[in-house]
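Heads up, the chain below is alone and in the form predicted on its own; it's given as structure tokens.
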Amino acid sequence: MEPSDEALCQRVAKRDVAAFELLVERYQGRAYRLAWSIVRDPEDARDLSQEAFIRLHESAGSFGGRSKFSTWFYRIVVNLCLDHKRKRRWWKPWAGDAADDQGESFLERQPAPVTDPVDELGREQTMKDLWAAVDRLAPRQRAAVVLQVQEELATYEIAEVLKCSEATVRVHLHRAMNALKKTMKNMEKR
């Protein structure tokens, strides 16, 4: 039987290298996807997800087990990403909208069933437009959407990750969904 994430974290607090490596193996892909979904830059996402593991290693002893390990770890990733976005905000007006040209999301890389190429192009464009709309959301709204859609976290878990109330998470999600619906309606009119 595999040890739980929580048990592994306790072992990491005691500097068990094998336990740390197992947590990295389990969470490396998720950490990168979550970071990429927030910062939308592959290099920054890689750096931030690696930094999250460094923080995990340094602060494993502070994990009290009041929440699931994944919730605690996602909070580390999200906080690093939000801090990164805040630090880089000053140059954004001059950088243009380069995020649209960068990489594909995890969802966009998933294989699709064989379809008509014209339909496929339409779906690809819709996904790109949708992710561009997600990019324009406020960082906390974007984080809430990504945690719910990609990581399939419940509202109370998202609240723990974002360190806010469940009501605030619902507001973030509601506003994000309204903005995304508006974007999709505008795309239909094209």
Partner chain sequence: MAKHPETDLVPYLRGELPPAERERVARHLDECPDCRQDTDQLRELLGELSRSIAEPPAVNWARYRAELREKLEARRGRRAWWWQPVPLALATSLAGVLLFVAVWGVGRQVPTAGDPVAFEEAAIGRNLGLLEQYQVVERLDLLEEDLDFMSDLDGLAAGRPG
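Numbering follows the first chain given and starts at 1. Values in this document were obtained by computation on a predicted structure and should not be read as measured data.
Form predicted together with the partner chain: not shown, discussed below.
May I ask you to choose, among Lys68, Arg140, Arg46, Arg136, the residue with a heavy atom within 4.5 Å of the partner chain in the predicted complex? None of the other options qualify; the answer is Arg46.
Contact residue in the predicted complex, chosen from Ala60, Val39, Ala159, Leu153 - any heavy atom within 4.5 Å of the partner chain: None of the other options qualify; the answer is Leu153.
Although the partner isn't part of this model, could you tell me whether Met127 comes within 4.5 Å of the partner chain in the predicted complex, counting any heavy atom of the residue? Yes, Met127 lies within 4.5 Å of the partner chain in the predicted complex.
Proximity of Lys14 to the partner chain in the predicted complex, heavy atoms at 4.5 Å: No, Lys14 sits far enough from the partner chain in the predicted complex that none of its heavy atoms falls within 4.5 Å.
Does Arg123 reach the partner chain in the predicted complex if we count a contact as any heavy atom within 4.5 Å? Heavy-atom contact with the partner chain at 4.5 Å: present for Arg123.
For Ala7, is any heavy atom within 4.5 Å of the partner chain in the predicted complex, or not? Result no; Ala7 lies far from the partner chain in the predicted complex.
Could you pull out the residues of 16-55 that have any heavy atom within 4.5 Å of the partner chain in the predicted complex? Read in sequence order, the residues that approach the partner chain (within 4.5 Å, in the predicted complex) are Phe20, Glu21, Val24, Glu25, Gln28, Gly29, Tyr32, Arg33, Trp36, Arg40, Pro42, Arg46, Asp47, Ser49, Gln50, Glu51, Phe53, Ile54.
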